[in-house]
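Here we start with a single chain on its own, the form predicted alone, put down as structure tokens.
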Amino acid sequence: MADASWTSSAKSLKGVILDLCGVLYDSGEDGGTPIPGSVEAVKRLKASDLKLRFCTNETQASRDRFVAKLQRMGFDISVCEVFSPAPAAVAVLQDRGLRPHLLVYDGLLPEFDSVDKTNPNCVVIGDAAEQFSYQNLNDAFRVLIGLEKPVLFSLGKGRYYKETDGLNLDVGPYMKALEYACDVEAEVIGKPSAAFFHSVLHDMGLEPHEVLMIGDDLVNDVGGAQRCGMKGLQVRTGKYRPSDEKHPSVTADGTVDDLAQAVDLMLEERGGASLTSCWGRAGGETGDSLTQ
């Protein structure tokens, strides 16, 4: 069942920001699987009068390769529409003259080719997956603990994410381990950082109250967007858990079954055609689940 109370603000919207993993697709060893209805939902948003951007904490591949994977899944998406932490981190490192020790997934390393990494004076940690060994974490710890003023950057702070075979630990728990060991507070680059969200809004040329964020992560997607003045909508796909709807500190402006339902309700409120009939034809399903 969808909470449709949020749709009252749909007519005043000028833009939408979408999370990727857990909203458009579920990741996995085979590259991932689109969530039913999401390819068509993105097409409908692109055909509307709304500006659309994609905001992700994906840190297991360079942005080019990541977008190419989504395109192979059938999504109409380009690199310039996607905002991810690694390019933002590179800009910060260059601006502050910092040389990073990198604890990131191998596929992300090319994003940092332009950065001097000799004699590191900070640590950058991302979702390193299998690279989160004791040795690699200890190497990062030794860099930080050896600095007079340790600087730790984290490409997000998620607790976990969903792959096709289940939930996996994200970068957040490892970030917390280094914070505790080195008595340092990480600078988060990516969601839920206000600076990260504002960079997306600046690119759209819109004010926060004109934009809706749709994500599966209640705290980092929805809560982060709300703290910036946007409305935040949560989907019941990806990392969503039923307990999210009773969270003690973050309450979504609305909760829907999936992106297809969100787009259908939003565009219907704005006077667009209903998705139920076209999704029933394209996806082989009826529209019942979208209009409950």
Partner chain sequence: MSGRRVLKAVLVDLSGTLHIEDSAVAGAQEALSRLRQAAVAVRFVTNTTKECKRSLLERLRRLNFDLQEEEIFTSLSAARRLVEQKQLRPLLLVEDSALEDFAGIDTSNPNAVVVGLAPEHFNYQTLNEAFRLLLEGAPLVAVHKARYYQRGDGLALGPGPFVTALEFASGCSATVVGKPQETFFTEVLSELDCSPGEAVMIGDDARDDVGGAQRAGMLGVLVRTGKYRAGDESKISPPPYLTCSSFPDAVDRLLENYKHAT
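Since the model is a prediction, treat every value here as computed from it, not as a measurement. Numbering follows the first chain given and starts at 1.
Another form exists, predicted in complex with its partner chain; not displayed. Remarks below refer to it.
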{"item": "Any non-hydrogen atom of residue 65 within 4.5 angstroms of its partner chain in the predicted bound form", "value": "no"}
{"item": "4.5 Å heavy atom contact, residue 167 to its partner chain in the predicted bound form", "value": "yes"}
{"item": "Its partner chain contact in the predicted bound form: residue 130, any heavy atom under 4.5 Å", "value": "yes"}
{"item": "Any non-hydrogen atom of residue 71 within 4.5 angstroms of its partner chain in the predicted bound form", "value": "no"}
{"item": "Proximity to its partner chain in the predicted bound form (heavy atom, within 4.5 Å), stretch among 109 to 117, 194 to 202, 82 to 90, 139 to 147", "value": "139 to 147"}
{"item": "Interface residue in the predicted bound form among 176, 96, 209, 99, criterion: non-hydrogen atom within 4.5 angstroms of its partner chain", "value": "176"}
{"item": "Stretch 176 to 194 - residues with a heavy atom within 4.5 Å of its partner chain in the predicted bound form", "value": "176, 177, 180, 181, 183"}
